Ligand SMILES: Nc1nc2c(ncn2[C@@H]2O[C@H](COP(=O)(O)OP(=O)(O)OP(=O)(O)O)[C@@H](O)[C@H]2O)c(=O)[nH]1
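Just one chain follows, in the form predicted alone, and it is written as structure tokens.
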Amino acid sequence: MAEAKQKKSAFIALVGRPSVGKSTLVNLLCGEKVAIVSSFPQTTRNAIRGIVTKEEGQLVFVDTPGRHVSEKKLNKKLMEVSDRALDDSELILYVVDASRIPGAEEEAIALRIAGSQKRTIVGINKTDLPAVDVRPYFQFIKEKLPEIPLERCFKISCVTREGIDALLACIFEMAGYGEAFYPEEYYTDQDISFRIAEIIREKAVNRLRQELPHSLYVEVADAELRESKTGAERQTLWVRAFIITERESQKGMVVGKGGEMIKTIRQTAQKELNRIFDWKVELDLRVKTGKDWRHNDTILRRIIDR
């Protein structure tokens, strides 16, 4: 087969500081909810794969945890996830936030990808925000990553879609030729339990106090597909899941006064899960404590290395 008739195929790892908009960008590129989104830094804890299949071929975007300088055990595990994705992917999409000036963490990321400049594209995000000046980032790229040409640096906005089509076209152009990794209808390869846990965690972290989101994770204990009792065609997916806090004192925050907080989390999560899945989802959501889980290697491996 002539090369011109072959399809493009590549894995693309996204890298950037926390809260630069990597997850939002992946969701936009895929046209579906692939990664959970929160204003809290380092919400992403896993390598989340979003799949884009077009006439040109198939791209698999790997959303990674935001790179943050910290010696905490959880953060080190998150950086291992990011490092593996960077090493294993054919291309790198470096995402920066145009509303924040480059700093020490940005320099650390530039140093990490300095040896991969020939396979790196830059997305300068949040250009829709008022009074944003992108010139410091163009200067930063010129000084720290001089092998990345200007034509591979894109001003983008996930709100207005500025630069998104041009960015995607550039990635397809840089991708090599090869077979598709997934069937055409796939937009992610996450298993059902993982997706359920992530949606619940998103609804929880977006409603709880700022220090609490990093202190919880979600575990799906049971999931059972049941036939409809009313004879309707849509089956019911019954799920029992636990929001797990680090300390006993945090359980009350998750439950809320009169159980209102956990009720809201359950209802909003269930609503989104009903939109995502073909089944009607019934969610039994509870809270328990996993004492100091962020320092437990076994738990960290279970929730991060999946």
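This one's a predicted model, so the numbers in the text were calculated from it and none came from an experiment. Start at 1 and count along the sequence shown; that's the residue number.
We do not show the form predicted together with this ligand, though everything after this point is about it.
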At 4.5 angstroms, heavy atoms only, are K33, S82 and Q190 all close to this ligand in the predicted bound form?
no
Option touching this ligand, based on a heavy atom within 4.5 Å in the predicted bound form, out of T53, Q42, T268, Q250
Q42
State the residue from S116, N75, S157, S215 whose non-hydrogen atoms include one within 4.5 Å of this ligand in the predicted bound form.
S157
Of these, 101-109, 119-127, 147-155, 166-174, which stretch puts a heavy atom within 4.5 angstroms of this ligand in the predicted bound form?
119-127
Heavy atom to heavy atom, is V20 within 4.5 Å of this ligand in the predicted bound form?
yes
Please run the contact check for S38 against this ligand in the predicted bound form: heavy atoms, 4.5 angstroms, yes or no?
yes
Please check if T24 has a heavy atom lying within 4.5 Å of any heavy atom of this ligand in the predicted bound form.
yes
Residues of 188-207 having any heavy atom within 4.5 Å of this ligand in the predicted bound form, listed in sequence order
none
